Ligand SMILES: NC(=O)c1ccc[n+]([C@@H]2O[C@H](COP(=O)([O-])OP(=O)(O)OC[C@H]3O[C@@H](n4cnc5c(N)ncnc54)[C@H](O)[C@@H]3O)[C@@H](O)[C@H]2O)c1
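A single chain, nothing else alongside it, follows as structure tokens in the form predicted alone.
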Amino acid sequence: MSPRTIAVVGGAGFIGSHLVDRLLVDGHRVRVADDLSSGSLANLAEARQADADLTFDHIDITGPEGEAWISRHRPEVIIHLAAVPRRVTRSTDLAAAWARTLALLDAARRHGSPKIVVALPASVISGNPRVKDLPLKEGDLQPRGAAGILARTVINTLEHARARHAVEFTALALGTVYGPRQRPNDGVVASLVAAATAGRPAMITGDGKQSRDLIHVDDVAEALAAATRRGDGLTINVGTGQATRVIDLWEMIAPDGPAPRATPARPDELARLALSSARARIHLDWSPFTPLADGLDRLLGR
């Protein structure tokens, strides 16, 4: 493949920094924009030291400088990793995320960026699936909460932009992503690994029987890279198809560790989720390749 100019919005974050590493390996010209509200330049340390075509700009993509940034770099693909906030504590969180998506779509239309790849958390658009429905296929989206409504609106808007303005898109619905550079308060695996490393009990909500589809960040970066050239017009799951209970995850991480401590269950806790990767295999030529045990061993240095 010939090198392309690829913009990564949110590229200093946990997932974004791994994606930047992946794109640079392929020889692409990578342009990162991040307001550093949740990302960190430390995540890009290795990439910035590499002999590669990488630029970083500390900007708010929704402001005038955001459109100027797109106009200056004219990326062939924009990868949007800040479409839905991981946590919604205020209505302004949703408003800011929506503004980012609209700004990127408008800039893509104005300045000739033919494709946008968007990452969304599958947990907010999956409804509350029954055991017999797992692993869940894409099908009809069932938004959960305000974040789910925003994610659904993002997809609908991408479909409209494709039909009216010829801005291509691929939306990836991600399972529960884990791996290096993830902060302890940003994911269940990172939280449990931090507890195990410190030799303290894990804090688990409810009975710990809620399950998640745990996908390694390297696998996710590979799927995002594939989506820059495939999967046009589709929403595609990125997961392993396996549902792992939180209580079992703790046993994998700290088999000889202290018993976990229960905290009150969240009223909106998703009971279970595993994602079918059949569409990803067909349209992205992608399948998960990191077994959970291997990913955990690498995190724990075992």
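No experiment lies behind these values; they were computed from the predicted model shown. Residues carry their position along the shown sequence, with the first being 1.
Only in words, not in the display: the form predicted in complex with this ligand, which the text now covers.
For the marked spot (7, 76 and 108), a heavy atom within 4.5 Å of this ligand in the predicted complex is absent from each of the three residues. Checked against this ligand in the predicted complex, the residues 246, 243, 47, 61 give one hit for a heavy atom within 4.5 Å, which is 61. This chain is displayed alone, yet in the predicted complex one of 167, 81, 154, 136 has a heavy atom within 4.5 Å of this ligand; that residue is 81. The stretch that touches this ligand in the predicted complex, counting heavy atoms within 4.5 Å, is 37-45, out of 251-259, 37-45, 229-237, 23-31.
At a distance threshold of 4.5 angstroms between non-hydrogen atoms, residue 148 is out of contact with this ligand in the predicted complex. Not displayed here, this ligand is approached by residue 15 to within 4.5 Å at the level of heavy atoms in the predicted complex. Using a 4.5 Å cutoff between non-hydrogen atoms, residue 182 counts as a contact of this ligand in the predicted complex. Residue contact check for residue 202: none of its heavy atoms lie within 4.5 Å of this ligand in the predicted complex. Residues are counted as partner-facing when one of their heavy atoms sits within 4.5 Å of this ligand in the predicted complex; in 160-189 these are 174, 175, 176, 177, 182, 183, in sequence order.
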